[in-house]
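Here we start with a single chain on its own, the form predicted on its own, put down as structure tokens.
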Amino acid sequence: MSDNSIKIFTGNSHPELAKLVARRIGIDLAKAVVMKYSNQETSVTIGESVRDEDVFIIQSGCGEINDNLMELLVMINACKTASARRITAVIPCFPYARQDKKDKSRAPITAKLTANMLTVAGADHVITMDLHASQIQGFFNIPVDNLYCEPSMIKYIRTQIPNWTNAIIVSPDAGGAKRATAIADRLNLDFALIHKERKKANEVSRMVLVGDVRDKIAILVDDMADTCGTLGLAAKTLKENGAIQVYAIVAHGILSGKAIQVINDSVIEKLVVSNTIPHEDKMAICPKLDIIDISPTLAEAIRRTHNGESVSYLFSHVPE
């Protein structure tokens, strides 16, 4: 056991998740005031001593992403200069994760810049969930634990989807094939893939289904749903190919732009997202939305990190 205590701080991006994590560990959130001055500068006041303590700062990349990232950086730096023994940034949804490669000339690799900023601010360790590309771990020179929603998704399918044994796991694009096949293997189900052709970012032109979904429950699995254009079209394609029902399970439900309208108008029975991003406001206007709580996984990762135990158990199991 460690001789120092856990201090969990949160910024303004997702305080509800931080409360759930702290409650699960059995401690109160540490006191901090994070606000903006009238000129829009970020102001952070750490309200209790962190000297020689094990500090975890929970801040997700959602909503006002740049403000939330800046809050996280300032909080990390405030704790560092206040002599914290170790500072772990817990970032359920990593910001700028999609800008991870030079896909056209002069494109910035902003995920690498974000990694550099976190390291320079003073983070000693990063815990995140379902990175868009796991190579982002290599952008850091500090340890990164990339946890997975996969065990929680599998538990949801087994407990919440009726007749799931007659289901087929579908990846809405070639990039997510690995994730979908892993889930299909664990559940002993078949797998199908949709090939999409994009004309420009966030717009899909046409879709081709590879695999047989006739008379089956199709479960679309992806790492993030942003404008939901892909999911809506994928669900339509699956129905046209004979699927009885279509569910969608996604790790990060960003749900920006017209996403809610697209989901409400689509043939999807349920869109299941994790609470790496807050959805309270969207639940009210989208009856199809369902939430998987991933706070037990984050809490267990924090507890194990603090006690110097292995975290790899969580890659394949949901904490009880």
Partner chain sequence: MRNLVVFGGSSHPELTDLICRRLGISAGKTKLQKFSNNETSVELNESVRERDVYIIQSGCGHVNDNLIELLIMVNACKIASAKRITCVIPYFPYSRQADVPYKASGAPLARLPPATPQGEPPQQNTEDLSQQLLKKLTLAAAGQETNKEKAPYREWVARSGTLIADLLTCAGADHIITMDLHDAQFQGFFDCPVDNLRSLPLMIKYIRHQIPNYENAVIVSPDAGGAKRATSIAEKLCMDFALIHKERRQVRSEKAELILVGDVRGKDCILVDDIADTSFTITKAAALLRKKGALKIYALVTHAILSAGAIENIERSTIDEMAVSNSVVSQNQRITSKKIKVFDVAPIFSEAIRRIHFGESLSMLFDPNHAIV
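Positions refer to the first chain, counted from 1. All figures in this text were calculated on a predicted structure; none of them were measured in a lab.
There is another form of this protein, the form predicted together with the partner chain, and it is not shown here; the text below is about that form.
Visitor: Picking from 291-299, 278-286, 262-270, 63-71, which part of the chain touches the partner chain in the predicted complex when contact means heavy atoms within 4.5 Å?
Guide: Careful reading of the contacts points to 63-71.
Visitor: Indicate whether the candidate residues K36, I46 and Q99 are all in contact with the partner chain in the predicted complex, with contact defined as any heavy atom within 4.5 Å.
Guide: Heavy-atom distance to the partner chain in the predicted complex: all three under 4.5 Å.
Visitor: Find the only residue in D223, D173, D226, D124 having a heavy atom within 4.5 Å of the partner chain in the predicted complex.
Guide: For this set of options, the contacting one is D226.
Visitor: Considering the partner chain in the predicted complex, which of T181, Q135, N166, N116 comes within 4.5 Å of it through any heavy atom?
Guide: Looking at the other structure, the residue within range turns out to be N116.
Visitor: With heavy atoms only and a cut-off of 4.5 Å, decide whether P108 touches the partner chain in the predicted complex.
Guide: Contact with the partner chain, yes.
Visitor: Test of understanding: in the predicted complex, would A78 fall inside 4.5 Å of the partner chain by heavy atoms?
Guide: It does: once the partner chain is placed as it appears in the predicted complex, A78 has a heavy atom within 4.5 Å of it.
Visitor: E41 near the partner chain in the predicted complex, any heavy atom under 4.5 Å?
Guide: Output for E41 is yes: heavy atoms within 4.5 Å of the partner chain.
Visitor: Is P95 close enough to the partner chain in the predicted complex to count, meaning some heavy atom within 4.5 Å?
Guide: Yes - in the predicted complex, heavy atoms of P95 and the partner chain come within 4.5 Å of each other.
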